[in-house]
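A single chain, nothing else alongside it, follows as C-alpha cells in the form predicted alone.
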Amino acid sequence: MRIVVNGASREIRAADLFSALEELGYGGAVVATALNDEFVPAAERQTARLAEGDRIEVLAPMQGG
C-alpha cells in the first residue's frame, strides 16, 4: 500500500504502525509517532491499523543542551 512517511511517498506491506516502523528501518528506535496528525503512543502501535494514503510522522528525540 502507498502511504506518506515524513512527507515522502512510500510503498509498504505492513498493515499496522508497529510493523510499518519495522519495515521502514525504525525497529527498536526510540521515536515519537503520529498517524494522520494524531499522536500514537508506542503501546498502541500494534493496534493502529494503516490504510492507503495514510500519513505517518516519525520524530526522533533531540539530544543536547
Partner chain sequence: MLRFYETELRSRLLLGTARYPSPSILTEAVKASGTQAVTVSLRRESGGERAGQGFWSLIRDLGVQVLPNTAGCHSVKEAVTTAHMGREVFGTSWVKLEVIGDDETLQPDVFGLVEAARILCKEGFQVFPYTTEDLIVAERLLEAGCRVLMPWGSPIGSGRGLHNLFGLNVLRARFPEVPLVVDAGIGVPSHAAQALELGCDAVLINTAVSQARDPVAMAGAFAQAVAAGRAAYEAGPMEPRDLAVPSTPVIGKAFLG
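Numbering follows the first chain given and starts at 1. Everything quoted here is computed from the prediction, not taken from an experiment.
What follows is about the form predicted together with its partner chain, which we do not show.
- Mapping the unseen interface onto this chain, residue 41 counts among the residues with a heavy atom inside 4.5 Å of its partner chain in the predicted bound form.
- Taking the partner from elsewhere, residue 24 is found to have a heavy atom lying within 4.5 Å of its partner chain in the predicted bound form.
- Contact check for residue 54: every heavy atom lies farther than 4.5 Å from its partner chain in the predicted bound form.
- Under a 4.5 angstroms non-hydrogen atom cutoff, its partner chain in the predicted bound form lacks residue 1 among its neighbouring residues.
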